[in-house]
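Read the single chain below, which is given as structure tokens and is the form predicted on its own.
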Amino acid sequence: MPAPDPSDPHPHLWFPFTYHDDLAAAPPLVIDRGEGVWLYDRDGRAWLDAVGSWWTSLLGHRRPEIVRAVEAQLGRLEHVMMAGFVTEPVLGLAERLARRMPPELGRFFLSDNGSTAVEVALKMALQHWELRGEERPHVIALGGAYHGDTLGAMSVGDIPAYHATFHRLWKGGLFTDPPSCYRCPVGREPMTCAAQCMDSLERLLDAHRGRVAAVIFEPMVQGVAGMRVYPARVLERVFELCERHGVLTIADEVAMGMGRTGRFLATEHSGRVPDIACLAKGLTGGFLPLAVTAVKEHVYAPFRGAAGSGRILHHGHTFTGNPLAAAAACATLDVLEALDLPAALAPLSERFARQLQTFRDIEAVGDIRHLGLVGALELVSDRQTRAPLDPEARIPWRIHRRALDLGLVLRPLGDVLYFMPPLTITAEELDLMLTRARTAIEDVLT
């Protein structure tokens, strides 16, 4: 039996997305409390949360309205199973979502997190066709996709570092070319994009005609792939091809929904409505785990049936419809409405875009990406060839560490430094976030 590692600062914990040897070199910060865009440790040191705590802190930490909603519900009921029972917060959440979502997406299945929302969507799509008497075993995803870390979600993921082992051992999906504008082989600018990258989707749909249940995509921004922002024309073509082939569309809005891109749903940029949409992360303002899989009524229709008919979705989670989480979600949606978000973000988004462009004078910044309150800088070793950084040098990780010294949480995705602060960040805090990021980059690179 291996002995415990004496250099491990937390020998009883297994940290996500963390190399073991980094734990000794850079022990995790022990965070005590949060306030707005700020995180504080036990000694009162403060860090500006530029990544929204893995994109969940939609309205800032400890948002008072959400705190009060959860406290009030905690005094009444912590949980009851959502099979044969329902609670007022869940009923209220359904009403609020129906008002906020496109009217076609009017039926909601509740689960726990983004991965489970995707799992539910995949099962719905596959069984939808089965109940209609068609065998459609395939789901197509975009190259560079990330849809979660459970096995079904990973089967439609295309990040080699995360998914290659499991595709080899279990199941891999069908993938298009990636919608990566920075490395687009056609060399089109986003404004003149004709979505040639989706020629690959057309070929896959033709090759598997009548055998594809759905196409799943992260609308407008591929998150884990490096905050790849792509033009609405790409999304429009996905919808056009799926409509032509009679294939369901699944929009994974887990990261980019809830107003992040300047629209409540990122798919709104295309003017189209998916058959299925997944929400999570910011749904409760980052307070509690909750996810929604929203569907059009035609997706639900084959599941209508009496006992013994087989027309039932055999899926559920212990904490499906948890009233504490639902109360937090109701309060989050109420705050979004009261603050007129995301519409009121337009001036801040424009300021963000301008400020990001100032990083272009740093030679290592190859690409600058922005949409709504999402921003990213892709670092390269050579701007002309767009060659990636030397992985052995661990430059993004060193920038992350330097940023922490400066009071900024800035966690990279590969060679990409990204910003996804709470939607309630002030202009002054936004400027401070970018100033500290520039200092961290320059300190490491010079």
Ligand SMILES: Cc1ncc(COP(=O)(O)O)c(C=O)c1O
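Everything numeric in this text was worked out from a predicted model, so none of it was measured. Don't overthink the numbering: it's just position in the shown sequence, from 1.
What comes next is about the form predicted together with the named molecule, which does not appear here.
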property	result
One residue of Gly375, Pro323, Gly114, Gly157 in contact with the named molecule, assessed in the predicted complex (non-hydrogen atom, 4.5 angstroms)	Gly114
Contact residue in the predicted complex, from Ala331, Ala294, Ile250, Ala255 (heavy atom within 4.5 Å of the named molecule)	Ala255
Contact flag, Lys281 vs the named molecule in the predicted complex, heavy atom cut 4.5 Å	yes
Proximity of Trp55 to the named molecule in the predicted complex, heavy atoms at 4.5 Å	yes
4.5 Å heavy atom contact, Leu288 and the named molecule in the predicted complex	no
Contact flag, Trp129 vs the named molecule in the predicted complex, heavy atom cut 4.5 Å	no
Option from 178-186, 339-347, 241-249, 144-152 whose residues, in the predicted complex, bring a heavy atom within 4.5 Å of the named molecule	144-152
Stretch 205-219: residues contacting the named molecule in the predicted complex, 4.5 Å heavy atom cut-off	Glu218
